[in-house]
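First comes one chain, alone, set out as structure tokens in the form predicted on its own.
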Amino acid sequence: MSKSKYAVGVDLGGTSIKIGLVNKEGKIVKKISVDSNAQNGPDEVVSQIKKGIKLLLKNIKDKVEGIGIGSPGTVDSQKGTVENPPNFPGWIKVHLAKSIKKEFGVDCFVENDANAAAIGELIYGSGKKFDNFIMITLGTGVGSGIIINKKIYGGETGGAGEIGHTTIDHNGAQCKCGSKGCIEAYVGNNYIIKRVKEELPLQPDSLINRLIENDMSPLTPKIIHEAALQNDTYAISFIVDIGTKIGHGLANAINTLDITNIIIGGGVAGFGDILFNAIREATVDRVMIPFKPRVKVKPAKLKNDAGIKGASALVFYKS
């Protein structure tokens, strides 16, 4: 195994840490997962990252080229620091790259997780043919990354691209970020489940009721999608409403940046064509006239491996 052929990609999540050994073509040749133990503070999480990398590299004789980490929170990629990631108690400012480099003796690169996913799509996925695109990741929250001239745009402090925390309703729902009316407050996974649970009693004819056997506890976006595929009126209208809200937020970004290529990933993107068509229509409806014919909305290609592959790309394609 030659030094220049492989990198370690680390996808740091609040519940688990996914770690992969990745070659330059973006193929994951080995993959493991360890608990993040985030509730125990930053020292424990960093210890778990080190433990996971050691497990991954067990029986790997030659050095890897480097280690890339995609992390939630505000990341200074030049200094390798992570500040205030959500769901990680006690993380005020952690010098993550320095700690990992000291442990393994190879370069370590850290980037915001949504930015890492965007870099992964740029190098290995749906963004290959684009010089410029906006990627949003729909999951528990709404992550996003902006690619300009084939490089991630981080802004002055590494915090750029938080499209999920742009406002679509100035009197809107409270968001965890402290603001109101953010896109994330309407389309994050937790909001979706909460809203459907509130509305279902008013929708007695909805197929969702039968799919969950009138028990709210197993409700997931997948069940909502399944009902929509069977032409359930409520499920379809709900997904269209989510897509419309996302589209209006994306239109703000397009009108600001003049970037009309959109890539969408994450679990909520599993709503499929109903969601994508609604996003596309709402985006085109709200962008300025010259942008309308240029708008493209595509699904992300890397799916669940976007974090690992994007983190590995930080090593191979460092700017």
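Position 1 is the first residue in the sequence shown; the rest follow in order. Fair warning: this is a prediction, and the values are worked out from it, not measured in the lab. If you superpose the two forms and keep the largest set of C-alpha atoms that fall within 1.5 Å, you have the rigid core.
Keep in mind that the form predicted together with a further copy of the same chain is missing from the display, and what follows is about it.
Q: Looking at 219-227, 88-96, 145-153, 200-208, which lies within 4.5 angstroms of a further copy of the same chain in the predicted complex, counting heavy atoms?
A: Heavy-atom contact with the partner occurs in 145-153.
Q: Can you work out which of Gly158, Gly80, Pro72, Gly188 has a heavy atom no more than 4.5 Å from a further copy of the same chain in the predicted complex?
A: Checking each option against a further copy of the same chain in the predicted complex, the one that comes within 4.5 Å is Gly158.
Q: Quick one: from Ile239, Ile100, Ile163, Leu138, grab the residue that has a heavy atom within 4.5 Å of a further copy of the same chain in the predicted complex.
A: Contact with a further copy of the same chain in the predicted complex is made by Ile163 alone.
Q: Counting only heavy atoms and a 4.5 Å cut-off, does a further copy of the same chain in the predicted complex sit next to every one of Tyr6, Val8 and Lys63?
A: No, none of Tyr6, Val8 and Lys63 comes within 4.5 Å of a further copy of the same chain in the predicted complex.
Q: With heavy atoms only and a cut-off of 4.5 Å, decide whether Lys180 touches a further copy of the same chain in the predicted complex.
A: Judged by the heavy-atom cut-off of 4.5 Å, Lys180 is in contact with a further copy of the same chain in the predicted complex.
Q: Is Arg280 a contact residue for a further copy of the same chain in the predicted complex, using a 4.5 Å heavy atom cut-off?
A: It does not: once a further copy of the same chain is placed as it appears in the predicted complex, Arg280 has no heavy atom within 4.5 Å of it.
Q: Taking heavy atoms and a 4.5 Å cut-off, does Leu56 contact a further copy of the same chain in the predicted complex?
A: Residue-level check for Leu56: no, no contact with a further copy of the same chain.
Q: In the predicted complex, is there a heavy atom of a further copy of the same chain that lies within 4.5 Å of any heavy atom of Thr233, even though the partner is absent here?
A: Residue-level check for Thr233: no, no contact with a further copy of the same chain.
Q: Heavy atoms within 4.5 Å of a further copy of the same chain in the predicted complex is the criterion; list the residues of 238-274 that meet it.
A: Residues within 4.5 Å: Lys245, His248, Asn252, Asn255, Thr256, Leu257, Asp258, Ile259, Thr260, Asn261.
Q: Superpose on the rigid core, then tell me if the C-alpha of Gly139 is displaced by 2 angstroms or more between the shown form and the other one.
A: Shift at Gly139: below 2 Å after core fit.
Q: How about Gly159 - superposed on the rigid core, does its CA move between the shown form and the other one by 2 Å or more?
A: No; Gly159 is a residue whose C-alpha shifts by less than 2 Å between the shown form and the other one when the cores are overlaid.
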